[in-house]
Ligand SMILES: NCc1[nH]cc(CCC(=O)O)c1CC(=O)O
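Single chain ahead, by itself, as structure tokens, in the form predicted on its own.
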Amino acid sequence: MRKIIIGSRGSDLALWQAHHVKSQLENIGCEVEIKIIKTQGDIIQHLSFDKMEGKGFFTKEIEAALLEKSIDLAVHSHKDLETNPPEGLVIAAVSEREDPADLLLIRKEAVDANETFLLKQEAITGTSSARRKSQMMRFRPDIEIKDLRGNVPTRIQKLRDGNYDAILLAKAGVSRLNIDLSEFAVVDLNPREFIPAPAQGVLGLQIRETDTDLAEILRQLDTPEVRRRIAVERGVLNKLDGGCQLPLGVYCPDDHHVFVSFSTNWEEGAIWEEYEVDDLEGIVDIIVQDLQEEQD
């Protein structure tokens, strides 16, 4: 069987993801190598995402390497991918879904058991995600939000160093890296209430459209029910022409429920909606129409 070269960012989490897929491929008899590629999102650390130009901050350079054939397979956090892929590239498989929830990590001296999310009044809370900012403003308009960049261990170290009272992170990343959080209070935010990013917790395995041999191999790693549900989440994102700087959360936990948070301006806080349906067909258009009416 042919050798497969995986392209990955160099962060701890990206490499965990690449090695996870490498191991799965080796289990079905493939020879696999990992090649590290730096992206714009890795290089530019001083700006929050909403101040960076364009979309695909963590994917463009890797997708270019795919098209140039210096790698065969890109392993992405699916939520980082643009909803309109570059011509010639396809998602050949999606992984099982890790818990998509967000976590709020709080320094123990900033805990207040009487407050929502156990976070003291006017706490300095770190995140660069417009989606997370908008939802924190919905639940806790008193807090002060301060931008937070860096990979997962770097963000946690900034909290440890006292730069923030609390920070927001994806639970999937913390779980995959098996990070010890015992020094903090950890609030597991219910993904039906504090809505994750579309496809949060899912890996997207991207290849060249013409690489039919690899597509056949990757079919063994695909999870059709996850693919179906994140198609709803990413469909809403696509029709709103949003990237990771759009204050939008969409979560489809099964074939009958969709939860949405949305804001045109994160500082005003997010609206929250729940949709209960017999099946998912047509639900994207209904959600998008509702959100566009909210904008008007």
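Start at 1 and count along the sequence shown; that's the residue number. Nothing here was measured: the structure is a model prediction, and the numbers come from that model.
Unshown form predicted in complex with the ligand; subsequent notes refer to it.
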The ligand in the predicted complex has a heavy atom of only one listed residue within 4.5 Å, and of 110, 152, 217, 91 that residue is 152
Only hit among 169, 106, 205, 123 for heavy atom within 4.5 Å of the ligand in the predicted complex is 169
Report whether the minimum heavy atom distance between residue 79 and the ligand in the predicted complex is within 4.5 Å.
-> yes
Indicate whether the ligand has at least one heavy atom within 4.5 Å of a heavy atom of residue 140 in the predicted complex.
-> no
Exercise: residue 176 in contact with the ligand in the predicted complex, heavy atom 4.5 Å | yes
According to a 4.5 angstroms non-hydrogen atom cut-off, is residue 13 in contact with the ligand in the predicted complex?
-> yes
Can you check 222 to 230, 67 to 75, 193 to 201, 156 to 164 and let me know which stretch has heavy atoms within 4.5 Å of the ligand in the predicted complex?
-> 193 to 201
Looking in the predicted complex, the residues of 123 to 151 with a heavy atom no more than 4.5 Å from the ligand, listed in order, are 132
